[in-house]
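Take a look at this single chain in structure tokens; it is the form predicted alone.
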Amino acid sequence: MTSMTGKQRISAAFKKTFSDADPELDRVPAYMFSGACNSQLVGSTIGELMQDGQIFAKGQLAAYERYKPDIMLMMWDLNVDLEAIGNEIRFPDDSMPVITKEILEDKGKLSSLQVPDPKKDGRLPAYLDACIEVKKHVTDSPVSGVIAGPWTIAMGLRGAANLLRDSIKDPEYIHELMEFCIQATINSTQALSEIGVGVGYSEAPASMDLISPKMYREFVFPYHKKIVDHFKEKKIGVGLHVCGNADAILDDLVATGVSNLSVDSGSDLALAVEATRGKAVLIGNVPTELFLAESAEEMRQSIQNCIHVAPNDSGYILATGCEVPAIAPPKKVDWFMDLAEELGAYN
């Protein structure tokens, strides 16, 4: 078989999941979540890459040319919506952006907040422009956006401690806040879909390392489903990523109707296989700390394990469990795609 393009591999993964087709593949599709680490490829600081959409686009294009992932993920930072809504953000030179003030530290300010316009507010227009620029040049692989999901936005605006306290003392406030947050998510998704870019929601705070299954089902699931249903009516599929351990809510995550589910290394891939089979494309879940290891051997073992557990009768995409560390040397990102080529090949 001649070598396939990223678009062909990803299309085959979806066909295997949602139809009776069994398309021929040369290897398991693979990509990594890379954003901040790409600053090293263009000689910028992390802070510069996170504030300047042109530098961000340049970094993503450099990453595509070097690593050739099957999906070009547009991984900026998850504070973009938060900043546009009113959070104050600091941009260190050598690390990821940091929230310095949450706009809803005073919860009474919720009624005064405005849902941001992705084409006008904060860094959102720069993110759209970067996606457009990358899509112009990346033609062999799908270009996919990563944006904060509604629970991530809610927790970012209110603060983790306050939001968890609200879940006990003022649950109605959380529902009101989540209605606001899904509108922000919907606006950003719509803007990306209009330029032909796929969308995945990152929901790190939905991890069972932070909240309980009961909290997810009460405060998050209804809003995930509402967003997915909204875009299903428009024939637009969306994906979902949950950091850490999501084992107890895997069935719930799939029940939202998302087209693909990305799980972190803290989740059991075998359980995710059973939850997603025939219902969603499964993505994951190589530990990101392996990008800081002294040798590639642990990464080799992890990728072998993922491919061994991955289903043969349903689409599976090999990926990092979360974002590649900002300080990961490029040669260690090379390991990942080189090993995907070697170990994921179908004979």
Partner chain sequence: MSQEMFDKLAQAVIDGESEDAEALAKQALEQKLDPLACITNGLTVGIQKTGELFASGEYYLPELIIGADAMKAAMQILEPALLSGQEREVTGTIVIGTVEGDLHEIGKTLVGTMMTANGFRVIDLGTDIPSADFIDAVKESGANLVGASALLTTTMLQQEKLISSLKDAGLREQVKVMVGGAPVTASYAKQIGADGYAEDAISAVDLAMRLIDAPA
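Everything numeric in this text was worked out from a predicted model, so none of it was measured. Numbering follows the first chain given and starts at 1.
One more form of this protein, predicted in complex with the partner chain, exists but is not displayed; see below.
Can you tell me which of 105 to 113, 89 to 97, 183 to 191, 270 to 278 lies within 4.5 Å of the partner chain in the predicted complex, counting heavy atoms only?
Heavy atoms within 4.5 Å of the partner chain in the predicted complex occur in 89 to 97.
Give a yes or no on whether every one of 167, 215 and 326 sits within 4.5 angstroms of the partner chain in the predicted complex by heavy atom.
Yes, all three are in contact.
Is the gap between residue 211 and the partner chain in the predicted complex 4.5 Å or less for some heavy atom pair?
Yes, residue 211 is a contact residue.
Answer for residue 289 alone: is it within 4.5 Å of the partner chain in the predicted complex, judged on heavy atom distances?
Yes, residue 289 sits close enough to the partner chain in the predicted complex that at least one of its heavy atoms falls within 4.5 Å.
Applying a 4.5 Å heavy atom distance criterion, does residue 236 contact the partner chain in the predicted complex?
Answer no; every heavy atom of residue 236 is more than 4.5 Å from the partner chain in the predicted complex.
In the predicted complex, does residue 255 have a heavy atom within 4.5 Å of the partner chain?
Contact check for residue 255: no, nothing within 4.5 Å of the partner chain in the predicted complex.
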